[in-house]
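First comes one chain, alone, set out as structure tokens in the form predicted alone.
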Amino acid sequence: MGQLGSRVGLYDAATVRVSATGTIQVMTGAHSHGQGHETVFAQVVADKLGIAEAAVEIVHGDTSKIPFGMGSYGSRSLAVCGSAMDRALDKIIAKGKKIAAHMLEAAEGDITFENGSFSVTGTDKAKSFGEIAFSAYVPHNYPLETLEPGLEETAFYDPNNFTYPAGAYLCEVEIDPDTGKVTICSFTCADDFGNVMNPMVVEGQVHGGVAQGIGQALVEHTAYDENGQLLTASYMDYAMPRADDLPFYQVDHSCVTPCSHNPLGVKGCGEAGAIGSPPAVVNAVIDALHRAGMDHVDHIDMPLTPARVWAAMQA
């Protein structure tokens, strides 16, 4: 990451603690502030171990419990923290295979793990994940001479590269020729985020990002007077996009190219909507003016308020 220009370490860590009853606590250094970590991280763990999502608790924000982490920024949470969880789960499964081999009187190489069950290849001999977890904490039938009791593992993941999502955004606008007011008629987003763990969470993040981007393009602006005094210091003065400023979005996030260098094949999605929408809105406004014969307008500074658009039309 240093070769790519990063001035900080971009690794993260996760600790997976399995209880005697098979429930799981996952301690992560990435804090959620609305991205849905509690849902998606639990989903990653549950899918890998073949257990119910309700059996997984995500612990974050408590510095007395969590491992050292780099936090949540840059759409890194699932790609980096989720990959650290995946590696910790690999360690849990590897230890589970050793326990299962002892309990099932088989060679460790003959043990497979699938759908929450450790089984001996080619036979019907198997132990559930819950049975293995119980044996780890009540080690009456356990390889104590070679393996410590308990079932808890920590892993760090340091990415070899950034993730590179891609997409295309399309905006259609109408402009009131008398006032310069811009109305967004339709908005379409197509993104490639690699493997998508939870389509609803991804779509929600795109929706939020597009709303932020439309706000930046059309209404949001910090204004200062000649003395440097901020005039838009509260939401009484600073314009935020409202529901009636936004259209219904058409969103697609088909996986075209999974990420090749993290174990989940995921890419960042949190900032896509905010990146793609401002230029799409501004380009649509310029295009609309050109279609009305105003070829002299090739640039308007954001935000494209009615006053600014009207002034450009009159120039």
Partner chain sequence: MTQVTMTVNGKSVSGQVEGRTLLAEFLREDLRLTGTHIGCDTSQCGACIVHVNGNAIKSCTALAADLDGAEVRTIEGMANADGSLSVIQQAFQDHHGLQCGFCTPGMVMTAAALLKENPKPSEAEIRAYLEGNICRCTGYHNIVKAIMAASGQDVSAIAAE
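Residue numbers count along the first chain shown, from 1. None of the values given here were measured: they were computed from a predicted structure.
The form predicted together with the partner chain exists for this protein as well; it is not shown, and the discussion that follows is about that form.
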Just one of 277-285, 47-55, 33-41, 65-73 has residues with a heavy atom within 4.5 Å of the partner chain in the model of the complex, so point it out. 33-41
So in the model of the complex, does any heavy atom of P159 sit within 4.5 Å of the partner chain? no
If we define contact as a non-hydrogen atom of the residue within 4.5 angstroms of the partner, is H253 a contact of the partner chain in the model of the complex? yes
Does at least one non-hydrogen atom of E203 fall within 4.5 angstroms of the partner chain in the model of the complex? yes
How about M240: is it within 4.5 Å of the partner chain in the model of the complex, going by heavy atoms? yes
Of these, E220, E153, D86, E131, which has a heavy atom no more than 4.5 Å from the partner chain in the model of the complex? E220
With the partner omitted here, the residue among K95, K127, H102, H207 that in the model of the complex has a heavy atom within 4.5 Å of the partner chain is H207
